[in-house]
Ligand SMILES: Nc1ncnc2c1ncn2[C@@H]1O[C@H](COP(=O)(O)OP(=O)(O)O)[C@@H](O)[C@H]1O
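Encoded as structure tokens, the following chain is the form predicted on its own, with no partner shown.
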């Protein structure tokens, strides 16, 4: 048995339970056309904690993240097998008719800040209006609350009608986080949220992640192992095996980083692979 096959079998036996489970994938497989991207991923994501998805490039980390709120539906010729459960509900079988409602519950922040080319206010008001919030007083209250959560209110509260594109990169990323939070999701997915930011902005986002986990389940894809050590409560290592992403090891961050249970994890963390 080679190391990849051994690890894939071994992961089934690991104890990844810690508190309540918010998201759970079972035998998850993803293909783009005839190309397999993920195979047999079984991962349990605890509620109100930060789970970091780590691993080398091409191991399926971002593809996995997109499976969690069905962003994969936007890609042509995508095939999903297995299941993704949000609480008690399978997001394909039970919530299959309304992916937009699912994405309200499972928000997403992308690698590069992507504010709409509108005012700061309109960036936050648009998703609320799309989901039926029309009362101006309610809009103002929710928008202020979201900006305060991400530490932007003191910085932009007096210029909400200015273009969002006038903000710095770090401010734009916090605005994008606020845009996800206005809909009060249960889960916040973050795909390399600091990769295009300077060190000070990165520290600000990491601090924010630590604060938000008290209210939200957060899943962060990161190539930065130091960042994963700083922010994660739980860690999942993905690996590329013959072009297919597989889950190698998962568990509490302290245990995975200090006492990894598989040799591939040890080698990766030590920079040998």
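Numbering follows the first chain given and starts at 1. Note that the structure is predicted; figures quoted are calculated from it, not measured.
The same protein also has a form predicted in complex with the named molecule, omitted here; what follows describes it.
**Q** For residue 58, is any heavy atom within 4.5 Å of the named molecule in the model of the complex, or not?
**A** Residue 58: contacts the named molecule in the model of the complex.
**Q** Do residue 133 and the named molecule share at least one heavy atom pair within 4.5 Å in the model of the complex?
**A** Judged by the heavy-atom cut-off of 4.5 Å, residue 133 is well away from the named molecule in the model of the complex.
**Q** So in the model of the complex, does any heavy atom of residue 126 sit within 4.5 Å of the named molecule?
**A** So residue 126 does not count as contacting the named molecule.
**Q** At 4.5 Å between heavy atoms, is residue 75 in contact with the named molecule in the model of the complex?
**A** Output for residue 75 is yes: heavy atoms within 4.5 Å of the named molecule.
**Q** Please pick out the stretch from 226-234, 200-208, 42-50, 58-66 that is in contact with the named molecule in the model of the complex, where contact means heavy atoms within 4.5 Å.
**A** Stretch with heavy atoms near the partner: 58-66.
**Q** Quick one: name the residues from 103-120 with any non-hydrogen atom within 4.5 angstroms of the named molecule in the model of the complex.
**A** Heavy-atom contacts to the named molecule in the model of the complex: nothing from 103-120.
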